[in-house]
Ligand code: SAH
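First, one chain by itself: the form predicted on its own, in structure tokens.
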């Protein structure tokens, strides 16, 4: 049944893309470059990328922060929504991934708006504290440290900013309190943390599609950080 469900979800996603997303040779080329470089196929889907782009655009965001660049696919979706004076900073721990992303970002003409910072995010994030606050944050990095990443995201945001956290549902395993999967436990700790975080108002959306069964947490910053 699980295989049948995945086949159905993938077929529906592909059909929706045909209806709603015009062919994009550049983004298709980005995916091919990521595959050729041996990057894991763990980035967002096309429909999810378009959703991120919509959110950036609807917020009128000028400053975007991304944790987890991979090959730059989601980065490009969001970067295309920025105004001429906008800026996107994306953090990537793996130098090889960052190098692939920089090539892809240059290919679409976004190098002047996007900075790829290489290194562990928990070492890079404090260096951003003296800069301008962010309007939108997308967290799609290692799951074990999600709670710490989210705390920094709030600190680097302003009231009204939006933070999206990916891969929260973990194929439904998020409900397994006794899971021995470190990624599941990382996400459970994050949910416990956000449950009592009065700085944000949050909801969650389960998703199915080419990326399987997963989901987002979407949080709006409602008060100044402490």
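Quantities reported herein were computed from a predicted structural model and do not represent experimental measurements. Residue numbers count along the first chain shown, from 1.
A second form of this protein, the form predicted in complex with this ligand, is not displayed here; the remarks below concern that form.
With the partner omitted here, the residue from 81, 114, 154, 91 that has a non-hydrogen atom within 4.5 angstroms of this ligand in the predicted complex is 91.
Exactly one of the stretches 190 to 198, 157 to 165, 64 to 72, 172 to 180 approaches this ligand in the predicted complex with heavy atoms within 4.5 Å, and it is 64 to 72. Using a 4.5 Å cutoff between non-hydrogen atoms, residue 121 counts as a contact of this ligand in the predicted complex. Within 4.5 Å of any heavy atom of this ligand in the predicted complex lies no heavy atom of residue 102. Among residues of the shown chain, residue 135 is not one whose heavy atoms approach this ligand to within 4.5 Å in the predicted complex. Residue contact with this ligand in the predicted complex: residue 149 places a heavy atom within 4.5 Å of it. If you take 34 to 59 and check each residue for a heavy atom within 4.5 Å of this ligand in the predicted complex, you get 42, 43, 44, in sequence order.
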